[in-house]
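Below you will find one chain, with nothing else, as structure tokens; this is the form predicted on its own, and questions on how it binds or moves follow later.
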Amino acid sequence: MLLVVTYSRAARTTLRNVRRTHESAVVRELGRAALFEETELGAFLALRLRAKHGDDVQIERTQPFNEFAAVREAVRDAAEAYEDREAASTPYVKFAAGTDHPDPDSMRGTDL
């Protein structure tokens, strides 16, 4: 998919008009951004926005997030265990202390 983010009022207005005119090319609307189908029409619409508004339009190509391929099992297990914790107010650092769950500092420093 193509993520189109707008940074000016004029660009947002044009994006809104494009979304209304080409609903079939839009996967999701996100306020000042939109996800376009990864088709030539989606690319055309995104590039047209950038041609009209220049740097006020950012275009990024997105890829689906496959948690099983991108995230190690310990992190996935920690996320599920933390959501099943008994006390909702327990911070993750305290929850993970003394367990096999990864600590936030180690996760922060590890790229996917």
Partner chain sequence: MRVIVDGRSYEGRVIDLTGTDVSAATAVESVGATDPPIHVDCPVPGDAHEHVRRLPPETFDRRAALAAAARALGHASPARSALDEARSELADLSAPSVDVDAARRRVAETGEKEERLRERVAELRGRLQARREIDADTTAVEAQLNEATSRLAEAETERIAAEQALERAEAVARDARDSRERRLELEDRVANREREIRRDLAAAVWDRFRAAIRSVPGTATVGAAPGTYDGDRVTAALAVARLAPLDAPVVVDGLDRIDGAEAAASILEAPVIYIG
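Keep in mind that what you see is a predicted model, and the values were worked out from it rather than measured. Residue numbers count along the first chain shown, from 1.
The same protein also has a form predicted in complex with its partner chain, omitted here; what follows describes it.
Although the partner is absent here, residue 58 lies within 4.5 Å of its partner chain in the predicted complex, judged by heavy atoms. Not displayed here, its partner chain is approached by residue 50 to within 4.5 Å at the level of heavy atoms in the predicted complex. Within 4.5 Å of some heavy atom of its partner chain in the predicted complex lies at least one heavy atom of residue 32. Its partner chain in the predicted complex comes within 4.5 Å of a heavy atom belonging to residue 9. With the partner omitted here, the stretch from 71-79, 50-58, 35-43, 22-30 that lies within 4.5 Å of its partner chain by heavy atoms in the predicted complex is 50-58.
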